[in-house]
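Here's a solo chain for you in structure tokens, the form predicted on its own.
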Amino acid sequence: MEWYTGMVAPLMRGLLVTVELATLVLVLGSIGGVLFGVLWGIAGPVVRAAMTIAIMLSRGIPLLVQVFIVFFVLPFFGVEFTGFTTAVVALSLFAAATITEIVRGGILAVPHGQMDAARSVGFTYYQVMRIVIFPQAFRSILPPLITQFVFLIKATSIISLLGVPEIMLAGREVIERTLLGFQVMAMIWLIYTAICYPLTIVGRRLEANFQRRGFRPALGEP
């Protein structure tokens, strides 16, 4: 059992780092994505075009490259982060961009006729968005948003390349010390499954429930 104890303790310490990082990324990315998504819904064509370009760039550049840009390129401009902070910044920006796209897709999923009907009875544009559009868009947004959360949790593993002691780096160190490659990777797989699989099931059930009620899922899933 000594090998088991020596394997589990480092992985649990790495899991705590992974959970801390994932929590920060999900919170910051969700706040940024919702705010920018709402801004897209009420902004003019120029702002929408600028946001669309920024989202396309963020989603078009591999996530690992974005992490390296924050870690290696920004120091040339006097901005330097630790490995953990780099991961928080890069993953949160990526999360904000993808969640913005999901929110935008949710807004577009609401039939445009509802905007016209609400405006015809005297609602202002902002009242329509707040009272009519956004509550309905939320139903379309929620399932792909949960799917995005699952992706972001798994994406935290790339920060092991920066030397951050999250669960993947802890696993590699345990393998180098014990040569128990299969056992270590199996445990890491079980940990990720225990975290991500329930979220996946919740997302699928919500999507099925909303589709039965006639709501289309929002665009912008990873």
Partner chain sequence: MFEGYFLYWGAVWDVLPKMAKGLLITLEIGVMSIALGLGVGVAGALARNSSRRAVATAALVYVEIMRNSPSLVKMYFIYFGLPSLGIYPGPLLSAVAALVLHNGAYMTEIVRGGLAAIPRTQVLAARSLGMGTWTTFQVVILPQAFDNVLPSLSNNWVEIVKDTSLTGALSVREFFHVVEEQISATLRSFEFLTVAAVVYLVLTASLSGALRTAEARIKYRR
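No experiment lies behind these values; they were computed from the predicted model shown. Positions refer to the first chain, counted from 1.
Another form exists, predicted together with the partner chain; not displayed. Remarks below refer to it.
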In the model of the complex, is there a heavy atom of the partner chain that lies within 4.5 Å of any heavy atom of R13, even though the partner is absent here? no
Answer with yes or no whether S30 is in contact with the partner chain in the model of the complex, where contact means some heavy atom within 4.5 Å. no
L142: touches the partner chain in the model of the complex, heavy atom cutoff 4.5 angstroms: no
Does the 4.5 Å heavy atom contact test between V150 and the partner chain in the model of the complex come out positive? yes
Given the partner chain in the model of the complex, answer whether the residues V17, V19 and F138 all have a heavy atom inside 4.5 Å of it. no
Across 22-49, the residues having a non-hydrogen atom within 4.5 Å of the partner chain in the model of the complex turn out to be none
